[in-house]
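Coming up is one lone chain in structure tokens, specifically the form predicted on its own.
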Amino acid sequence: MSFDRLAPHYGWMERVLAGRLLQRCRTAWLGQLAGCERLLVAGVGHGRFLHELLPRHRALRVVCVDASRGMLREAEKRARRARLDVSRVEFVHARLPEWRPRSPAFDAIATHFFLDCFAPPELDAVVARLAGAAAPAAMWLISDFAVPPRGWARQRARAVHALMYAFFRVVTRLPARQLTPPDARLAAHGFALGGRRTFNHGLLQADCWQRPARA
């Protein structure tokens, strides 16, 4: 799986196809990061999340991990062009679940339109690796596609997902063929859903998961 071919085009593709919708989803729970010191962003992609994250949380240090060198270059280039404080950001080229963090545990994790790239067996390993990098009371922000429970919105989402996965399988050799909700896997590693917001008639959702603080 490689997103290198898409890296130079992903920004304009998102603007044309989704406008600000994906960014609204990414940043839905941004305020919850107040007080956090270390954030791990897995699958940073073209880095649009950083454009609202860094100015809002000026003490936060961020590690961005991505398997695509092209996406990492694009994310850093866009951040520098926007004059963001990249001195607080470490860009790491690595593939999950093989990557192991060298630093202390993160008190927050963000995965935006990332977990949907993995088929069930590998998704288990990716969630386990990220959960292992999280502090005991860590927060996990997730934005991703979703399937509404019923009606025309459900049928619409299935059609959109089929087109999306077919495209990415051809262009990036994406291993996943359909969306696998990560909820049960997060719960198995001690995270509880603290809040969920949906967008575009349930096609997108933004979650805030939290590990309870130890007594």
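In this text, residue numbers run from 1 along the sequence as written. For clarity, every value in this text was computed on a predicted model and none was experimentally measured.
The next section is about a form of this same protein that is not shown, the form predicted in complex with a small molecule.
* Would you say all of V63, P101 and L130 touch the small molecule in the predicted complex, counting a heavy atom within 4.5 Å as a touch? -> Negative, none of the three is within 4.5 Å.
* Of 39-47, 52-60, 150-158, 177-185, which is the one stretch near the small molecule in the predicted complex, taking non-hydrogen atoms within 4.5 angstroms as near? -> Heavy atoms within 4.5 Å of the small molecule in the predicted complex occur in 39-47.
* Asked: Considering A137, A82, A119, A94, which brings a non-hydrogen atom within 4.5 Å of the small molecule in the predicted complex?
  -> It is A94.
* Applying a 4.5 Å heavy atom distance criterion, does L33 contact the small molecule in the predicted complex? -> The answer is no: L33 has no heavy atom within 4.5 Å of the small molecule.
* **Non-hydrogen atom contact F3 with the small molecule in the predicted complex at 4.5 angstroms** => Although the small molecule is absent here, F3 would touch it in the predicted complex, with heavy atoms inside 4.5 Å.
* Asked: Do F114 and the small molecule share at least one heavy atom pair within 4.5 Å in the predicted complex?
  -> Result yes; F114 sits at the interface with the small molecule in the predicted complex.
* Should M71 be classed as touching the small molecule in the predicted complex when contacts are defined as heavy atoms within 4.5 Å? -> Yes, M71 sits close enough to the small molecule in the predicted complex that at least one of its heavy atoms falls within 4.5 Å.
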